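One chain follows as structure tokens, the form predicted on its own.
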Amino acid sequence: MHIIIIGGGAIGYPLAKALGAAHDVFVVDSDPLVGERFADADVEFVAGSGANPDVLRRAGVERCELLIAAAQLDEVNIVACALGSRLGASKTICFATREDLLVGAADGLYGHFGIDELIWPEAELAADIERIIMAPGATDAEVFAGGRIELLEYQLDAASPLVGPAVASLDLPAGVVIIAVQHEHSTSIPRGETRLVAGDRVVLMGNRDGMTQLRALIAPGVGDAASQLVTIIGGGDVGYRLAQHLDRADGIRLCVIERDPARGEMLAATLSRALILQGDGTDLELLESEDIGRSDVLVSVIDNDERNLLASLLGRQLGVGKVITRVSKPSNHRLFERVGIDVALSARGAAVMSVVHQIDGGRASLLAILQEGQARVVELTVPAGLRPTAVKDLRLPRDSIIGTVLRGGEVIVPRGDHLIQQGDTLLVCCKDPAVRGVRDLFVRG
């Protein structure tokens, strides 16, 4: 596939590295020095603006099958998509950083600027954080199929009822299955003989009733989501969007700490119930004077990894129950978790993996990315022509497991003798090397 990526920065660079080996990739950036980053990558670098039609022609736009606009300026991305679409690009994906491009104006962008898909990583990050906040005790949370299927991740302590016995002998609620386990920094798909130990992060999937019972089993002492005190450090795009949603949630008590006075005034004018504090979220004296340690959840979403880490560690030392932190540099993700941060999330990393899966994932739709990208949940529809086959006879790749089956309005957590039949929608958890095997298995029927 001939792919043009506009911008070689925080999004464009990892995209190009991931796609360069299997595709004909051209990277366009106005800074010639950016080209030095791609010296060892299997891509072509074109110096110039993505909003210049001559530059796009030099990158082969007339034969381009996918143009990805990921420059720092939204205006450049919009113009690049508009020009690319008119000059021959078959499909365009536009990354955006501003809310006004997605709320109210999105239809116009699709209709008049040739944009096929609009991605706002900051909005996706805010939604991820909100789901985790509303699942007390969990370190990750997702919902699928209109809320009929839930996914939760927990870090196990020594007292957890899941620690010790083999997975096959665990007394899990009906309609719940363990789909992934992270031990230290390695993720695996569990088998019947797998035994969980304290410190493991375990991912479970199931129907709503089963997951409700699971929460009572794994986190019995955790309070109700609607009675939490949440403190957000950083009122930028992510912090503001998250605050807007939590401000409307019944029972949530919300505090936002913002360093910029003008931004703080805007937050105070638009949030009806939140307490807005003007100050530095890394100032220990401020955090102590406002008794931030009482918070059930501290969310640090400053656009700077070092300050996020400092604010999070201060919150942890003051006694905050759960700490959720934004990570901009993927290399910092493991560091944040090693020093005791409960949840470290990267908006850009998830967005990059989502785009790569669109290109290389075939008929399998990506639903969720787990364990720092080591595993993913994909959705497949069983094609016509597959005779009813028991799960144990499907010959699934070893690093994969069927989490749930959607059949009409029914949600099924299958066992080994359960029959899979044509028309079923499968939610499969698999490690990256197994994605192609899972997809091909059902494409062949």
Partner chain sequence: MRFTNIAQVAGRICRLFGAAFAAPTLVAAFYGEWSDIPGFVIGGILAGAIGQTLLRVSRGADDELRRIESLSVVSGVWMLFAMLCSIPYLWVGFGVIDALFEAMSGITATGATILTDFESPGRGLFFWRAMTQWIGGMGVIALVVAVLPRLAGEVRQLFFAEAPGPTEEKLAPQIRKTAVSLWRLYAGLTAAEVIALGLAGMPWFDAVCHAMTTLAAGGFSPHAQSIMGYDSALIEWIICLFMFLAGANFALQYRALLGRPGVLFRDDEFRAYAGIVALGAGSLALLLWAAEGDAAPLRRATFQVLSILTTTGYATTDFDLWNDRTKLVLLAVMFIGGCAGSAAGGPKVLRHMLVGRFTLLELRRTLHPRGVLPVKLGGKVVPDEVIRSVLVFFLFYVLTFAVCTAVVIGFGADLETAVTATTGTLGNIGPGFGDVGPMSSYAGLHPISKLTLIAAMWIGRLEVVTVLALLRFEVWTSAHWRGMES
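These figures come from a predicted structure and were not determined experimentally. Positions refer to the first chain, counted from 1.
Only in words, not in the display: the form predicted together with the partner chain, which the text now covers.
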Testing 265-273, 344-352, 300-308, 174-182 against the partner chain in the predicted complex with a 4.5 Å heavy atom criterion leaves exactly one stretch, namely 265-273
Notebook entry, point to check: Does the 4.5 Å heavy atom contact test between D283 and the partner chain in the predicted complex come out positive?
Noted result: yes
Is G293 one of the residues lying within 4.5 Å of the partner chain in the predicted complex, judged by heavy atom distances?
no
Self-check item: the partner chain contact in the predicted complex: M211, any heavy atom under 4.5 Å
Solution: no
Contact between L367 and the partner chain in the predicted complex at 4.5 Å, heavy atoms? no
Partner-free chain; cross-checking the partner chain in the predicted complex, the single residue of V76, L277, A123, V167 with a heavy atom within 4.5 Å is L277
